[in-house]
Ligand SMILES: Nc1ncnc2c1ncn2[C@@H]1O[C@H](COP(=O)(O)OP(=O)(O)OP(=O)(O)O)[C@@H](O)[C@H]1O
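Consider the single chain below, provided in structure tokens and representing the form predicted alone.
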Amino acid sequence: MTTGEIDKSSPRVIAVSSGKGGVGKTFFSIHLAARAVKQGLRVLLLDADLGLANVDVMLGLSSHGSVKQVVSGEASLSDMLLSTKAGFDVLPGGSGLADLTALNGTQQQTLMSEMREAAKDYDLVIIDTAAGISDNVLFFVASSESCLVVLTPDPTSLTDAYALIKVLSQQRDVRRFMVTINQADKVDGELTFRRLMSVADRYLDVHLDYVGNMPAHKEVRQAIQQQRLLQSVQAKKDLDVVLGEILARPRDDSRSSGLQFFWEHSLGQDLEVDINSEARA
């Protein structure tokens, strides 16, 4: 494999992020995993909203542990995995665990080692990050091959999405983003994306790839409340258009050398920050 080529034997890694909470990020992560399984892919969904995780809750799963046991060395990742009826596996992030909201370098290294080993059994790894621009979010996105940013037409969501993209591009050298607008019809979705792109083009060196909009459907809220995947025919049809676009995108050759490169590169950046911080202390 030459420099700049993706190792096709390694799983694709997509981080799903948002500038603010409540915009449907976890909903997209779960349904993206289910859609990928239908395409014949082996999928692992990592709930990386550490400390405030809810993937297992949204799917009605009973967790017997979380990523906390993995980063502490008490258990392996394979011990914590949960299987879903949709056919993908989930690594729960744990809820109410404040000590997980900012992983240190050692914890990151432990988790990444476990993830590299487990990822050999999958074609696609989806990382559902926390909302915002915390260190954990920056780490997991920079550790991924692709990033999907979810937002709504709400001005605060638009502003926070821009802030997320700005910080990732300037601090973690992430330059390419897929973007989807949730709770918006076609016109509002395209308008919101153009607003985001106009500001990004003016001030940032990034490429934004619009993968479509998801209209508001009351059935989405019902599915979340009932802890199940979306069943409504029209809502599923609208969502599948976006999910299909995401999965159809080619792998990003600019993020070279596959999964191990992404994670070790990001880990190296975090360790460098830690060292520099200690030197200034």
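Numbers for residues come from their place in the sequence shown, where the first is 1. Quick caveat: nothing in here was measured; it's all calculated off a predicted structure.
A second form of this protein, the form predicted together with this ligand, is not displayed here; the remarks below concern that form.
Peer 1: Any idea which of 209-217, 36-44, 242-250, 59-67 reaches within 4.5 Å of this ligand in the predicted bound form, heavy atoms considered?
Peer 2: Among the listed stretches, the partner-contacting one is 209-217.
Peer 1: Name the single residue among S169, Q109, S134, Q183 that comes within 4.5 Å of this ligand in the predicted bound form, judging by heavy atoms.
Peer 2: By the 4.5 Å criterion, the partner-contacting residue is Q183.
Peer 1: Can you tell me if V23 lies within 4.5 angstroms of this ligand in the predicted bound form, counting non-hydrogen atoms only?
Peer 2: It does: once this ligand is placed as it appears in the predicted bound form, V23 has a heavy atom within 4.5 Å of it.
Peer 1: Do L229 and this ligand share at least one heavy atom pair within 4.5 Å in the predicted bound form?
Peer 2: So L229 does not count as contacting this ligand.
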